[in-house]
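Listed next as structure tokens is one chain, alone, in the form predicted on its own.
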């Protein structure tokens, strides 16, 4: 018996439409729209899908293997309110045409690059926040967590400087995951007793334009 060829996940992972597109074209419906960014092996997606069956959940992962596998498992579990997209979330969101449609955003343990020269590759930077500022509703929640204290400081500083986001409390630090959707890395960190640094901010209300 011949061995089947290996799967080329880059070819079969679910992708966003080419060119400009609306988020509703990927996941139509009337429920609140949530973004899950960097879900890895998918624990946060499955948990949130169970906790929020009335929401529409768009999940983004740059690794094609996990994007394919999580999308496949969501279909097997009947999560019709979830869609998985593979790729760089910054590039994908830049091509969306929506305004003020996203209620909440979770970013799980991003930026796995340690050297200073990789700082410009940070996912949570002005490029992502600019796109989210356009997409999020006033008062919408932006949540990011990491197990690297220096990264948490960078996220706090970046959010503090961005005019469209406001840290919750004095510095945005919170003790618990506000959405109850835990990534595999978060679960592992909790199991190992490692500290997790969580930051929460809100989308600032837009200025009213004269009628």
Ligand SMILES: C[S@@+](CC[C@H](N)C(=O)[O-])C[C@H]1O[C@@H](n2cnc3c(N)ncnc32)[C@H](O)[C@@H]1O
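Residue numbers count along the first chain shown, from 1. The structure displayed is predicted, hence computed values, not measured ones.
There is also a form predicted in complex with the named molecule; it is not shown, and the following applies to it.
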item: 63, 160, 69, 173 - the one with a heavy atom within 4.5 Å of the named molecule in the predicted bound form; value: 63
item: Contact label in the predicted bound form: residue 177 to the named molecule, heavy atom within 4.5 Å; value: no
item: Touches the named molecule in the predicted bound form: residue 87 (any heavy atom, 4.5 Å); value: yes
item: Non-hydrogen atom contact residue 83 with the named molecule in the predicted bound form at 4.5 angstroms; value: no
item: Close approach of residue 184 to the named molecule in the predicted bound form, 4.5 Å, heavy atom; value: yes
item: Option from 47-55, 148-156, 162-170, 34-42 whose residues, in the predicted bound form, bring a heavy atom within 4.5 Å of the named molecule; value: 34-42
